[in-house]
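This document opens with one chain alone, in structure tokens, the form predicted on its own.
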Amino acid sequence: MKKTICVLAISFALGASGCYYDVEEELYPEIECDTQNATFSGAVQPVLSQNCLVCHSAAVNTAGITLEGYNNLKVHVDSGRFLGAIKHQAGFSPMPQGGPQLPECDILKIEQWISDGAPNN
């Protein structure tokens, strides 16, 4: 009984409270994703460099898939394999392999770039 009273006294002295309320919007604020003007060099290439080229560079060429350079990537974009893989769609090997899906905003930017004709810009 003395220990319980002591713990409560210390909690009040330190300003600790037994009630805690999380507001989802404060913990996880919605971040806008600007997909306008999604370019190969500004939106796609950085995602490739950070997430794909460790396995799919010209030097490593895992599974015979090279995504390094616009022309190499465009082959997989045109076939639909690239987008299917990064979106973890059924029938495609989910990429990055063994890792979580890319952030939604990155995927939305890549989708927009593809919708714009996947230009080499």
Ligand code: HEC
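Quick caveat: nothing in here was measured; it's all calculated off a predicted structure. Numbering starts at 1 and runs along the sequence shown.
Beyond the structure shown, there is the form predicted in complex with the named molecule, which is absent from this document and is the topic of what follows.
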item	value
is_contact(V75, the named molecule) in the predicted bound form, heavy atom dist at most 4.5 Å	no
Partner proximity in the predicted bound form: A43 to the named molecule, non-hydrogen atom cutoff 4.5 Å	no
Heavy atom of S57 within 4.5 Å of the named molecule in the predicted bound form	no
Partner proximity in the predicted bound form: N37 to the named molecule, non-hydrogen atom cutoff 4.5 Å	no
Within 59-76, the residues that have a heavy atom no more than 4.5 Å from the named molecule in the predicted bound form	T62, A63, I65, L67
